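Below you'll find only one chain, the form predicted alone, shown as structure tokens.
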């Protein structure tokens, strides 16, 4: 029987283990942490439960095709994807129903419904032209480029808006400053800067507003739990608390891995490790590492997990409090490696749909801001200053005193993100997409010069986020199928 080893049990590693096990391959997963899930984890303290990482699910079919019927769990489509708060007092409900959304925008911002509908149609076109090649397939293989769909994409390349920044595209298409800021925000979904990242990223608005945004009934951590159960059911063996030290390769073929306890042979090795770390330690390669280091790192996050006394009906499940100068916020984030004193604040409150996540009369606030990658900043000072700025901002915009409502608190900063997930510098998505060539620069899901070595996860093709990590596992499954033949 073919032996596969998967290094890391983030969502990409879990998905790959399931797919390979279904092929009749014997699969062992080695994870340096004590549990599975990577960034899709949870925190429990003082009677509060928090989804510690991602807070929204798109393209759920990519997840459910991995699970047996009895392991699939209910998901609800969000009626309101996000509630937006602006410094001038404007509040916008981003309904999942496009007709309601356009009516809301027309009423609040005086932007005709036709204009927003036209924008979403263009975003849908980007999805249609790119999904097979850039999301669900690998353009790193010549045969994937030599087909009619790829030819259609190349012939209509201008419709991808790759030579405009997302902000430039949003400004030309939408015009209204607050609406532009709303759609600029989608750059942050993969840790990028809307003033630099290509307008191709407008595709994310199509995923949310046309294909739908969903919430698992039991919280986002249910994704990890269900994938782990499925893998175990298929006979996958997990080795937690066992760090892989090296990947052994010779004569253009992978041989296995090295642990502290010795050598473990394998016919196939799949890495779900940050690609920067992989070439730093697991398979040292100065040339490839040098190329990766030249790419700008994605942003990180600074998260406050607040157990709040009281109920706040003015807030929804997902909330955004915008900064007054979005461009300056991103300049500080990417050029100065600093946290703005007026950051955009995201609040996710899962107890709004799952009351068991907080004690009676309380709410669980996941409060996050975009933070720079860790380059040695004084994070204690940043945390203290930012906590105060966030509280003052929220109190001003909500008209309520909040400081004394915090009954319990934990904090996650970029250095801790690195320690917990292996994301180098705390950059959640590996490299940013702050150049028109960023998608092409992402590491392929395979090595053409090393048989049996593959890559999944957010730091390689097609990128970060739940659906893309799941897609990376599906791509690798197809590559392994060909390899075994």
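These numbers were taken from a predicted model, which means no experiment stands behind them. Numbering follows the first chain given and starts at 1.
The following text describes the form predicted in complex with a small molecule, which does not appear among the structures shown.
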Open item on the list: On the criterion of a non-hydrogen atom at 4.5 angstroms or closer, are 11, 55 and 464 all touching the small molecule in the predicted complex?
Closed with: yes
Answer among 324-332, 74-82, 349-357, 267-275 for heavy atoms within 4.5 Å of the small molecule in the predicted complex: the stretch 267-275
From 368, 135, 180, 317: within 4.5 Å of the small molecule in the predicted complex by heavy atoms is 368
- Non-hydrogen atom contact residue 421 with the small molecule in the predicted complex at 4.5 angstroms: yes
- request: Give a yes or no for residue 7: in the predicted complex, does one of its heavy atoms lie within 4.5 Å of a heavy atom belonging to the small molecule?
  value: yes
- Is residue 242 close enough to the small molecule in the predicted complex to count, meaning some heavy atom within 4.5 Å? yes
In the predicted complex, does residue 32 come within 4.5 Å of the small molecule, counting heavy atoms only?
yes
